[in-house]
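Laid out below as structure tokens are two forms of one and the same protein chain, each shown alone and named structure 1 and structure 2.
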Structure 1
Amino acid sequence: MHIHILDQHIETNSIVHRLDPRVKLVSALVFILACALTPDGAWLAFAALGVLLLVLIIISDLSIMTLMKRSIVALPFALAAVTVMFTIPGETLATIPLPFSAGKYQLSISDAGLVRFVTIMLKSWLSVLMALLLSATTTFPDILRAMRGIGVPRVLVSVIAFMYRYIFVLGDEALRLMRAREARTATGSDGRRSGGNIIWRAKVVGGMAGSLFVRSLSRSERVYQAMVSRGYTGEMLWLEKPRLQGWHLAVGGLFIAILAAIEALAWLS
């Protein structure tokens, strides 16, 4: 297994790929903040944000289809927002009779509620796409270095870096435990699993989590000793930060200025 399975970074060499990761991380965050700030029903502003994103995707030479497919991840959460369609006051657009009430109760969709729901979905979708664009054009170590560059505590960045490195090792460990569970669990011809009640099953999973913890702990001990034997003194060593070049800052500044203009227009109109 290779660590690059985890990394969504796509190896091409566009301007967006070459842009300083710090600039990219801050720009992506400002874009997502701009999405959150855009008022309800400001369709022109959302269109502008979408066009901006599309331009970046095209410059980055990424497959739009792949990004679209990956951007569905946040959709299940839409369930949380569905309720606003029915609860925000406004002109009734449509009514849905509730089942089992013989038409006595019904839900009504208001125009303001629909606008709010569509707005939330658009904000979420644009933000997810921007996050995908970031992770598709930046390697994970670069994102980590950018986090360090914008002042995220060293310990936290180091913990994430270690975690990233060991996810596969412990993922494989977890797989072995799950395979052992499969191998020891009979499945009947009707497809039903044998096994006890919910407490019994929780005990099995708890035992798996517990033994994974024990194995992780002893592995972290070995990792630490291996590092000490190679000169680790408790201080993480990073390659020297490359200096922030002028044109990177200019590109980032331009991007943020465009976002500010879009937001200003959305709020003034």
Structure 2
Amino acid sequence: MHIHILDQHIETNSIVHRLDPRVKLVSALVFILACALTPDGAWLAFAALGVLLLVLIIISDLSIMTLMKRSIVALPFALAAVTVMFTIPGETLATIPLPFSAGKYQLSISDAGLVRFVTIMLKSWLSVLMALLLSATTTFPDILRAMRGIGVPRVLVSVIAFMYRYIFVLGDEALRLMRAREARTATGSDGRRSGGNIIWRAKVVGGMAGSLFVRSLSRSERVYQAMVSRGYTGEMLWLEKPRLQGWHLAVGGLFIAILAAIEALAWLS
């Protein structure tokens, strides 16, 4: 497993790519905050945020379909909000009978709950797309430098950097454990693998998780000792931050002003 598997950066020579990472990071955070603050049912505001995001994607010279496909990964998490359709009071739009209840019990979908659910889906989707746009136009080391540039504590930045670097090592360890388990599993003449019941399988998975934890702990100790022997003092060393140019600040200020105008119209309408 290679470290660049999760690197979503797509290299082009667009103005968004050349923009200072600190400006891009702050703009992306403000956009996500604006999505979170947009009231329920403010469809025009969501449409304006979507158009603004679409313009940025076009300017960035990125494939819209590529970002759309990548954003699908957030869909299962957003669907966790489906319960709000049944829990928020309002006018009943539809009823769904519960299975195995012979029509005795049923769930009611309210209009307010449906509006809240669609709103949550739009907020999540737009926020994920903005995060994907940021990762596609900015390398991960630049994002880390931008986090330090805007004042994120160095301990938090170091933890994120190490997590990104060594999650691939953990992935390799997990793959080795799975290969060892496959090698020790017999296969019958019908092609089916042997094994016990679900409790036995749960014990096997639990043992693998425990072994992975012990191996990870042991490796982290060795890596830390190696880093200390090479002069690591607990702080990541970064190159000198480049000075912010005027046009970077102007672009970031214009973007935030547009977001503020959209939010103002959403709350005043």
Partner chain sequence: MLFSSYSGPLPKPEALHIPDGFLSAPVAVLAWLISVAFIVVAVRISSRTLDERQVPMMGVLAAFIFAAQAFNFPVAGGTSGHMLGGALVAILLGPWPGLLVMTAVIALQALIFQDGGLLAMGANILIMGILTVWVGYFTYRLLSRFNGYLAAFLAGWLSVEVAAIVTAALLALSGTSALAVVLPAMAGVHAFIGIGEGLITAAALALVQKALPGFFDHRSSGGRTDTATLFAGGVVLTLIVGILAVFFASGSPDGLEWVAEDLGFLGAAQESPFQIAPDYAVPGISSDIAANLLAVGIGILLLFAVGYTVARSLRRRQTQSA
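Counting starts at 1 and follows the sequence of structure 1. We call the rigid core the largest set of C-alpha positions that still match within 1.5 Å between the two forms. Everything numeric in this text was worked out from a predicted model, so none of it was measured.
Enquirer: Do you think the form predicted in complex with the partner chain is shown as structure 1, or as structure 2?
Expert: It is the first structure that is the form predicted in complex with the partner chain.
Enquirer: Would you say Val223 moves between the two structures, meaning its CA shifts by 2 Å or more once the core is fitted?
Expert: After core superposition, the C-alpha of Val223 moves 2 Å or more between the two structures.
Enquirer: Aligning on the rigid core, do we see the C-alpha of Asp172 shift 2 angstroms or more between the two structures?
Expert: Shift at Asp172: 2 Å or more after core fit.
Enquirer: Cα of Ser158 displaced 2 Å or more between the two structures, core superposed?
Expert: Ser158 C-alpha, core-superposed: shift of 2 Å or more.
Enquirer: To one decimal place, what C-alpha displacement in Å is found for Val214 between the two structures with the rigid core superposed?
Expert: Here Val214 registers a C-alpha shift of 7.1 Å.
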